Each structure stands twice: as C-alpha cells, then as structure tokens.
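Okay, here we've got a single chain as structure tokens, the form predicted alone, with questions on binding and movement later.
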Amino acid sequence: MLWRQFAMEWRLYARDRVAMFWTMAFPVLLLLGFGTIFRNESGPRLSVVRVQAQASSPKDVALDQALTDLHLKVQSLSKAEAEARWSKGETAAQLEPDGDGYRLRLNSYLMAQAGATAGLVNQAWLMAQARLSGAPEPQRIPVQVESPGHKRSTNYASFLLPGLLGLNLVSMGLFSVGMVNVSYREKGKFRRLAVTPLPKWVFLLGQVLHRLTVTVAQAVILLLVGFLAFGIQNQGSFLDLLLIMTLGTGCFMAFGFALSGFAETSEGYAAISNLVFFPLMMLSGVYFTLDAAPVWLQHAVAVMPLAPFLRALRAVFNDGGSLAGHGLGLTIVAAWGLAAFLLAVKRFRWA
C-alpha cells in the first residue's frame, strides 16, 4: 500500500510540468547568479574615492603608492565630483585632505565594504609614513584563506550550494507539502480518501518518500551544475551527505504536514508557513553567518532545525569532515522532525 501511494504521488507531481521545472530550475538559477557575481576567489576588489588635493605633496605621492601596493582601487576625483558621488550613496569610503593630514569618511549603509577598506587605508598610511621617514616598513601578517576544515576556499558558491540544498528542503516541506495538503482539504479530496482503507500514516509517509526522491534529484542537479560551472566538488563522503539530506528531508516534510493541520484555507496556510520560513531562511546561515549577531540570538538559532543541519552539511560537503562532532546538532534536527511528525499525525483529519 505504501509503494502504491508513493507511485501515485509521483504521477500526480509529474502532471504539473511547469511546477516541476521551476522546482528544479530555481535553485540552479540562484547558484549560477550568485556564483557568477562572486566568482573571483579573492572577492570584489575594494575601492576608495580619493579627493584630489590642490597641490600634490610627497606625502600624497607616498600614500597613493602605498594604496596601490595594497591592491586598493583608487578613484581620484575633484571635491565637487566626490561630493556628488557621495550624495548618491555610491561611495563606500572617501579619503579627503584635512589640514596637514587626511580624513576618511565611511558610508554607514555600506559598512561591510567600508570597514575593510578603512583597515587597508590606515595600513597604507602607516607604510607611507615609514617610507617618508626612512624607517623600516611595518611587517604585515601573512593571510591565508581557507575553510574551517582547512580546505582552500575557492568561491562563494561553495558556501552557498549547501545552503541552497537546505533551503530547498525547507521550501519543499512548507510550501509543496503543506500547501498541497491544505488545498486537498479545501477541494474535498480528503473526504473521498476517508472512505478508503488508506491509513493516515501511509498517506503521510508516502508523501515524505516522494519528496525525498525529489530532493535527491534536486541535489544531484545542483551538484552537477556546481561542478561544471564552478568546479565545486563534495569533499566528504557521499553516504554521509545522503544521510544528512535524508534526515533533513524527513524533518522539514514533517513541518509542512504539521503546519497544514492548523490552517483551514490556502491563504491562512500561506501566512503560517511564511511565519516559519523567513526566520529559518534569514537566521540559519543559508546566505551568511551570524557571527556578529548578539550571543542570545546565536544560541536561539542553534536550536532551530535548519542551522545545525547546514553546519553538518557544510562540514561534510565543504570540509571533507565526518558526522563525528555533529551528533548533538543532528539529534536536534531529528527531535524537531519526530515532534513535527507526531503533531502532524495527531492534527491530520480527512475533512
């Protein structure tokens, strides 16, 4: 009976070819888009707007040379041109003469770029002062870019790809599974199923198994595109990767079933599911980490199911690690999945 339910779910899914296409294509487009934007392994080159002095001095020449040595892109503009650019919000950092020295203005809306630029500008100024005085230049600490598992970072897409895999599971569970079940109830399909000998757990588990195979297909396509377009490869065990993906699929599918039991209409479910989806998407490390967030928020996110799932997934995929050391995180994911499945079975009704 379970096998027949699984096969029926696939037949129903294959009928909607547009939905099936975009389910597979959308994460690929995200990967290609972000991966292309941040393809340069050293990241976008930092730049500073340099306001031209009325008369260039040896100090200005030494500073300009030091900025060039640190690979900063210097855009030399007149004061009027620089101010016009600043007023449009197009400048992250602006270096301008101030008496016998300089002043550095940082755009508060672009602090990620401006902060890194400020560090290099100050370092360039120390180098320029040393050259002007004939003193030895300050020694810079060598920088090595690598992942936490000591693999050399090659592309932001390497970080993004596991995040997209996790996000696919969440969106599949909340929107594909949950919304479909609410729609079935609205249209009276469940009432017709209620008069059949189909147990609730067979119906629910059949959908979970179907979505599991869909997510495996999504993962294979993403991995293939990542390898062909950006040279991204799984650094760890494919078996460990499959185990993590299976656990995550079961967890987030159960979320969709559980939430669908609290909504009577598709509109109501859309509000409920978005209330869960957006915090998971924004706070769990799909696109960026929360290292700078308050400690209490980091602790709160750690017990949400997507965050430990992504940590384990990236440890295997990006760093070639094993599941050892991620027992607690995977237990959290499993506990969320079990609780959600039990709630889904309890709340599920045919009418």
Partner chain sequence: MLTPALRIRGLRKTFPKVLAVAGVDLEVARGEVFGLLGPNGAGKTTTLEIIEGLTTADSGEIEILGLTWAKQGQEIRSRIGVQLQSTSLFNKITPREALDLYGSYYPKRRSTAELLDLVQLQEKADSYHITLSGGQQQRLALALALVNDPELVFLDEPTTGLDPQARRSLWDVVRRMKGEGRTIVLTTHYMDEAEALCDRLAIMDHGKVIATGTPASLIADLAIPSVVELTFDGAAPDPAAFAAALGQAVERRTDLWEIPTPDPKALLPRLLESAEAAAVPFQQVHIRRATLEDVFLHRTGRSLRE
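Numbering follows the first chain given and starts at 1. Each form is matched to the other, and the largest set of C-alpha atoms that superpose within 1.5 Å is called the rigid core. Bear in mind that the values here come from a model prediction, so they are computed numbers and not experimental data.
FYI, the form predicted in complex with the partner chain isn't displayed, but the following is about it.
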Heavy atoms within 4.5 Å of the partner chain in the model of the complex: does residue 191 have any?
yes
I'd like to know whether residue 328 contacts the partner chain in the model of the complex, with contact meaning heavy atoms within 4.5 angstroms.
no
Classify residue 187 as contacting or not contacting the partner chain in the model of the complex by the rule of any non-hydrogen atom within 4.5 angstroms, answering yes or no.
yes
Can you tell me if residue 265 lies within 4.5 angstroms of the partner chain in the model of the complex, counting non-hydrogen atoms only?
no
Region of this chain that lies against the partner chain in the model of the complex, out of 88 to 96, 228 to 236, 166 to 174, 196 to 204 [heavy atom, 4.5 Å]:
196 to 204
If the two forms are fitted on the core, does residue 206 show a Cα displacement reaching 2 angstroms between the shown form and the other one?
yes
Per-residue C-alpha change between the shown form and the other one, residue 328, threshold 2 Å, rigid core fit:
no
